[in-house]
Structure formats: structure tokens, C-alpha cells
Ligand SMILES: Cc1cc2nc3c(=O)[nH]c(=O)nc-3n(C[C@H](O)[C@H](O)[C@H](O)COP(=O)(O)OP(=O)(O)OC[C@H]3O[C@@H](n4cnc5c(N)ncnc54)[C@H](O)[C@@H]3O)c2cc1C
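Only one chain is shown below, in C-alpha cells, and it's the form predicted alone.
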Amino acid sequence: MPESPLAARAAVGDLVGAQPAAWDLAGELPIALLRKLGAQGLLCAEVPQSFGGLGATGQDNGEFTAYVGSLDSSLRSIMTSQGIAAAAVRRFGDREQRKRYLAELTSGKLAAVGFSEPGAGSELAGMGTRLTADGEEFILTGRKMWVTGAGYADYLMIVALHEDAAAAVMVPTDSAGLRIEKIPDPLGCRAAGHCDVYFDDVRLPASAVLGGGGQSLPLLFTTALSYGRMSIAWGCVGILRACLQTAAAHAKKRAQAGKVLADHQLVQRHLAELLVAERSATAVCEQASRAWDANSAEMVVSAVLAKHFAAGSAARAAGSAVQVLASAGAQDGHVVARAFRDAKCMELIEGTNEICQLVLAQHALSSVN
């Protein structure tokens, strides 16, 4: 197991190599690679060492996530899902559940997380998935959509209504009554295993219900979404860094009108804006990670701010990178072509731009006497 952030980066870099373009075209990640990364604790690096993780701080995990995001957003998406599941187990699981599930999530088992439903994205009141007690067991019914990583997962961490509250439940993907359907041809993160999932009276033991259930639905969402938003934000920093590096390298060697692109002032403007976006997004993400590590009251709004700013910046910057590369970057599989599609999806998941703006506006209003 890597013992430092630099060792973790090296381990992932060696395993990933030049494969992301082929993964994007095929729409699939190698399951053996995911299990190997999971067994090294690299898919949820914040899990404490006592449970088999790396014990990374939010800051170190963020920089590591950015590095993976610079290589491949589909792989980073799997990290985000695994990290959300692990964070929920740590926050809501009892002692035995933490011991069991965290050990599995750092030894090669894979987890996906299901929130959204056809009638319930950001509107929690529309959720229809239910967990019902039946003797010493529980029955799960309903549907989740766009579950990232479900195509590879051993567990689905599903948020459902339970009695007068809510629950997070760990559902083995080989459970009877569970159906997983892969989403064909997604716009971005094409190899991330996005699926729709259906639960037809899936029977589960009480040990699968984190903390026995009965949690506040907003609390469940806030805990999971805060981790997910920070992970996505850091992943967008990685997209920005990949776009900046690729565009700058191309501009230094591609000649046009008797001089390299880097000598054209309009191209320099694109590069300057890429640099500003990358540095600014990094600073916002660092602030969010500090709030996360300190368990600050600002943690939730900081995560929303980081995700909103970094995703929007990445989407705009990816467009600029494609503009600089022109036809050289306009082919599926190319790093900036992937960034262009992947970054747009980052403006949609874990709260759309508009949802983030509403949260930030409410925070601004609440701070005024």
C-alpha cells in the first residue's frame, strides 16, 4: 500500500498509463484495475489506516483526486462513488458495520451510490424508494437512476425512505430482485459504469442498514453530497490542469502564419484564462478541504462553492482548450475532447449549476442581518 501522496500518484500513474483514450472509446474500465486500486486503498484514501485505508487528510485526498482527474474522469468518478460510500459508512454505520464495510472497500470490493430517481433529483420530497422492516429483515423497493459505478459495483449504497425518516443501506449487487441496466452512450465519463437500478422486493439483513436507519434525509444527503461535491471539484481541478498542459504544449509547437501559436496574442489569452481558472479553482478547493478537515460549520457551503466554481471553470476551460488545439483535439478519446464532454457533465451532477446558485444565494442572504 502506498505510504504517501506521491507514492499514491506514482502507483496510479503507472497503472493508468496511456489507456484513458481507449477506455473512453470502449466505454469501459478494466475491472481488474479497479480492484487493484481498491485493494491498495486508493479509491477511498480518507479511510483511516486502522480500517485499511491511507488515512489521508481532505487536502491530500483532494490533490490526489485532482491528479486522477487529470488522467481520466471516468476513473475519478469511481473514486468519488467509493469515497462517498466510505464516508457514509464512517458517519452512519455502527462499530461492526464500519469494521466490515470499510475493510471491504479498501481490499478490492467496489461500491456505487444511488440518490437520484426519475421524480427526485434535487427535490428530496419526490423520493419513492422505500425500505420496510419485515421481521428481522428489510425489504427494499423502488428505482435509482444514473448510478455511477453500478456497472462494476459489489455494493450499492442506496438512500431510501424508512418509516418517518430515511436510511442508507448497503445492497449486494447479487441480491435477488435487483436489476442493473447500463446507460448506453452517456455524454461524459463514458467508462464510469453509469446504470439505472431497480429494486423489486430486495430482501436484506438488518446488518445492511447503516446505523439501523432512522436518519434525517437532509442529513444523509448533506453528508454524502458534501464529500461528493468536493471530490468532483478536485476532479475538475484535474481537468483544468490537463487542459492547460495540453493546450500550452500544443501552442508551443504548432506553427501558424509563420510563427507558433504561442506567439499569437489571442491564443495567449486562452492560455492566460486557463491558468487563472486552474489557480482559482485550486484555491477554492483547498478552502473547502480545510473546512472538511476541521468539520467547520462552513463545510457544506464551501463544498457547494468549490463544486460550482470548479465545474463551471472546467467546462469553459475545456472549450478553450479545444479551441486552441482545433482539429488536433476534436476527436473522441483525445484528452481535451474527453475534458469537453466530461466537464459539462460535472455541471449537472451532485447539484446542477442552478441548484448550487440557489444554495449560495441562500447562504448570502442568511449572512445579512
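Nothing here was measured: the structure is a model prediction, and the numbers come from that model. Sequential numbering from 1, following the sequence displayed.
What follows is about the form predicted together with the ligand, which we do not show.
Have a look at Y152, F92, W146, F221 for me and say which one sits with a heavy atom within 4.5 Å of the ligand in the predicted bound form.
Partner contact (heavy atom, 4.5 Å) among the options: W146.
Which of these residues, A86, M170, V113, A277, gets a heavy atom within 4.5 Å of the ligand in the predicted bound form?
After the contact test, the surviving option is V113.
Can you work out whether L348 and the ligand are in contact in the predicted bound form, taking contact to mean some heavy atom pair no more than 4.5 Å apart?
Result yes; L348 sits at the interface with the ligand in the predicted bound form.
Do Q19 and the ligand share at least one heavy atom pair within 4.5 Å in the predicted bound form?
No, no contact at 4.5 Å.
Taking 4.5 angstroms as the cut-off for heavy atoms, does E354 touch the ligand in the predicted bound form?
Heavy-atom contact with the ligand at 4.5 Å: present for E354.
The ligand contact in the predicted bound form: R76, any heavy atom under 4.5 Å:
Although the ligand is absent here, R76 would stay clear of it in the predicted bound form, with no heavy atoms inside 4.5 Å.
Among 138-146, 213-221, 266-274, 285-293, which stretch has residues whose heavy atoms lie within 4.5 Å of the ligand in the predicted bound form?
In short, 138-146.
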